[in-house]
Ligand code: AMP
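Encoded as C-alpha cells, the following chain is the form predicted alone, with no partner shown.
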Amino acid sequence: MKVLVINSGSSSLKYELFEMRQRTSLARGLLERIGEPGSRLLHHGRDSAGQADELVREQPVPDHRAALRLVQTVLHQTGAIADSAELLGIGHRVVHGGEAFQQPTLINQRVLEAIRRQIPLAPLHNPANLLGIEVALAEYAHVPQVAVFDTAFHHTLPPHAWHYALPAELYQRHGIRRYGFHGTSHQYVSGRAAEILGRPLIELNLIVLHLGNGASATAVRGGRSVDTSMGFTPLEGLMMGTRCGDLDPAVIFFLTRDAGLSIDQIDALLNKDSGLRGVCGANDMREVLRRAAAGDPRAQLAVEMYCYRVKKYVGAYMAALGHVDAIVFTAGIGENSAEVRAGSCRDLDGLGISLDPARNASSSGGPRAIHSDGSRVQVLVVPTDEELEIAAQTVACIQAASDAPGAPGAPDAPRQPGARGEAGEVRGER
C-alpha cells in the first residue's frame, strides 16, 4: 500500500514515497531550481540489497511537468515504484485551506477551484501547490489524490481565539481572522506525544512548539487545537528565522510615513529581513548560537529574544489550557538545540516546568523526555514527520470515500466567511 506525498513549491518539488502497512519511507527527494539554470535532483532511496543509496541528477528541468516526470523516472529506475498501479494514492500539501477545508479532501475539479479561491490568503504558496496538483492529476489520472491543508488542524479554534478585534465586516467580507499554520506538524506531534506518554490523546493538554526557520506554538486540548500563535498569515506569533513575529501594527504606519517605505518593501522587511536575521544578520540558529558562544552581543541578544518569546507563549497557553500535561519541542531547532530548549524553559519552576540538564543535552535523535524527575509538567522532544502525517491522512481520506460510495469530494454548498454551523463554530466548505 504505497502513497506518494508531494510538496510543490514555486521552483522546487519535494516528495516522499511510503509503504503504509509498515509506515516506512521507501524513497524521498528534492528537485530544486525548476525552470532555472542548474536544476538538481537529490534522491534518497534503497539499492537492490536494501541499503541506503543516494542519487544525484543534474539536468535541465524547464517546468513542473518535466520535474514530476523526472521524479517518476527515478522512482521507477530505482525500483521504488514498478508500476503506478502500486499507488493507493497521492497526498498533496496545500498551505492554505481558509474556511473552505476542515479536513483532507479528495481532489476533483470543484476542489481545485475552491483551493484556487484561497490564493489571496496565500499568494506565495497556494499557486505552487495547485501547480503540483494539476501536473500530478495529468500524470497519474487513475490514482486517487488528496489535498491535506496546513490550516485544517486549527479549524477547532473557538471563536474567541480566532477572531481579531476588528470591525466584523472585515471578517465577513474578507475572511480576516486567525487561521494558524504548521497544522500537519502539530497534529502528528500531538499524536506521537500521546503514544510516548502512554495515554489517550483525548485526555491530554499539550503545548506543542514547532521551532524551525518558521516557528509556531499551539495549545492542544484533547487532540484539538484551541489556540495557535500564527494568525491570518504565518507572520504573527513567535520570532522566527526571517519573520518578525508579534509586532505593534503602528510600526507599519511609521515605516510608511516616516521611513518612506512602500507596502511591498515593508512586506519584504517583515517576512524576509527580520527575526534572527534582522537582529544579528544570520537566520540559521546554529550560526547564531555559534556566534553567541563566541561573545557576539547581537547574536546573544537574538537568542535571548527568541527564547523569551517562546517562554511567553508557554505561559500564555498554560493559562489558556488551565493545566498542561506536557510541553513538546519539535522541528529543526526544537529537536536539535539544547540551548534553545533550556532558554525557553529557564526559570519556569514556579509553573512546574523543570528540565534535566543531562537529558536535555543528550544527542539522541529520537523521541525523548528531557524534564527532571520532580517536574510537574513533562517536557518531550518529538521529531516531526509532516510527510508521514500527510500520507496517513491520505489513506484515511481514500478509505473513508471507498466506505461511502458516491460521497462527494467537496461539500455540497460552499459558504462565505461568517456562515455559522452548530455550536457556534464557523463552517464553510471545509
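When you see a residue number, it is the position in the sequence shown, counting from 1. These numbers come from a predicted model, not from an experiment.
Quick note: we don't show the form predicted together with this ligand, though the next part is all about it.
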Within 4.5 angstroms, counting heavy atoms, which one of the listed stretches 71 to 79, 209 to 217, 104 to 112, 247 to 255 is next to this ligand in the model of the complex?
209 to 217
In the model of the complex, the residue from 199, 323, 286, 116 with a non-hydrogen atom within 4.5 Å of this ligand is 286
This ligand in the model of the complex has a heavy atom of only one listed residue within 4.5 Å, and of 242, 336, 156, 233 that residue is 336
Within 4.5 Å, heavy atoms only: does residue 121 come near this ligand in the model of the complex?
no
Whether residue 332 contacts this ligand in the model of the complex should be assessed with a 4.5 Å heavy atom distance threshold; does it?
yes
